[in-house]
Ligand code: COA
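Below sits a lone chain in structure tokens, taken as the form predicted alone.
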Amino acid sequence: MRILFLTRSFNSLTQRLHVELAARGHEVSIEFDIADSVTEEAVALYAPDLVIAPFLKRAIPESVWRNVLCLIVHPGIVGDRGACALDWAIVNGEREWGVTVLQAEAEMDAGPVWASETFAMRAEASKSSLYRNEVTEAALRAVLVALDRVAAGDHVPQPPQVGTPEVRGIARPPMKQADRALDWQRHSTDQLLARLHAADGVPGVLDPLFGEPAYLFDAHRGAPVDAAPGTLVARCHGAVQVATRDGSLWIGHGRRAPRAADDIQFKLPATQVFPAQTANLPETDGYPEIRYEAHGIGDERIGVLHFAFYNGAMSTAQCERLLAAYQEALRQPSRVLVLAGGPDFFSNGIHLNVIEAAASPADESWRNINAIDDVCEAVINTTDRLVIAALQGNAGAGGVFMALGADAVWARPAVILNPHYKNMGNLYGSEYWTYTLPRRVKRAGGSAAQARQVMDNRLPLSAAQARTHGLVDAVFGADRVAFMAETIARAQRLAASADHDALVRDKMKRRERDEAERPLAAYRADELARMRRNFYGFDSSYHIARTYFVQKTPPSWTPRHLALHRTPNNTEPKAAA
């Protein structure tokens, strides 16, 4: 079918649906929800068989849904209505939730149901994490069922009979800041954590924790402390520990409340948002973004290095800490080292928010790209053992190429990769991609031209698609827990295999040959020369794109690589499909 996605942004759910439907032979074009007139024009140009709305914050215009079948992907159970469905589910402690695909009609979220799927609510998971994982998986299943029913032509969707035993959903009001308010004296750690988790990503919880209003994000349970509830007690790598009445919480990120309409604030590590209020707190190691695990004994010894950076962004300081942790991991007696990233993201490369907040964003960009290059160089030059990059979560830009420095890349089927830089103001990119990418594509039977195509393609890749290009070597695991369990088992088998020592010797010889042919430093110098022009040159595209990204500036148009219906040869209205 010819399908038009109408969406507020090309977010993680929209990307997953895009790659999965395209892989099944559907033609998918995308239009950002900017204005009713723009939506009407997109429908006229594309004449889709149907419209799918994976992520909207306002109603589809009647002029569209009356003439084209429009399916809304709603992150709530059947009968549930409202923009904060998932927020309420977290705060209310729901054990099971779901996704409903329903037909757009005059009343929001009340149309006939085409498909629905449920999932178990993961304990102590933030809204962002649930959305990227359980919601996305359920949405994909439900959309595929709905498409099958549309194609069959004999399915008659029925409106949910609210109030019947089989329909638990209700109309839910927007969750206001008053509903999210934190009472540090009365609320338990569980209650505080639920409210913070329900607001993670957007909008955050507005709270005067630091002496002035700020939105709080990225909360994690901490160890019990002897302090009055609501007291700031410690800091660790940008996060702040706060006492609760029965324990403590770590707050990783915050955003000052704007003081005026033109006061633009954005999310940053908590200690960076309020440096004066947190400067004298004792520094502890209670907030472990990075941790190392040892598994097995004897020839089955492996190490697993976890680095769970918020939203996958890696600042200069985080890259420096990761490099130190990696070097320490190499001092451990492992035969295979697994780079596990974080549960939601492997890595998304340099930290654009921290860069934006710097006195000189160009200088901080330069420091950050060099710091992540140092990590990549260490991975590539590890020749005394095998290194596996295990992608539990999505990876983008420099995070993809950091993974490609490993000997093998393993990924979950649900993982999405964006192995390109161009969407951020035509960045050239570094992380030794000019060394690792062509070799991997060639190993998969591709050419230098195909490697270039990977970089020029601005669309996401599924793990399966990445495997055909040579970017991923194995795809397995029903979920994150199963993936990590299988990763550890496979890594231990590899460590104990009769081929291990020969593989390490071959790796060392290959690195020596490559270095003799062209030193790794030469790749880095060439990449950074191009990046320097991005950061300091006359073309300010990168700086403009970064600012728009960090400040969440609403799009004013849909990029042409997404909007197939707006390509030069497709700008005249089509007849109805």
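A residue's number is simply how far along the shown sequence it sits, counting from 1. Note that the coordinates shown come from a computational prediction; the quantities given were computed from them, not determined experimentally.
Keep in mind that the form predicted together with ligand COA is missing from the display, and what follows is about it.
None of 64 to 72, 511 to 519, 546 to 554, 28 to 36 except one has non-hydrogen atoms within 4.5 angstroms of ligand COA in the predicted complex; the exception is 546 to 554. For the options N311, N370, S497, Q277, the residue carrying a heavy atom within 4.5 angstroms of ligand COA in the predicted complex is N311. Of the residues given (F483, Y215, W88, Y421), Y421 alone sits with a heavy atom within 4.5 Å of ligand COA in the predicted complex. When contacts are judged by a 4.5 Å heavy atom cut-off, N353 counts as touching ligand COA in the predicted complex. Interface membership of G201, defined by any non-hydrogen atom within 4.5 Å of ligand COA in the predicted complex, is confirmed. Shown alone here, P269 lies farther than 4.5 Å from ligand COA in the predicted complex, counting heavy atoms only. G396 belongs to the set of residues with a heavy atom inside 4.5 Å of ligand COA in the predicted complex.
Taking ligand COA as it sits in the predicted complex, the stretch 95 to 134 comes within 4.5 angstroms of it through a non-hydrogen atom at just one residue, R132.
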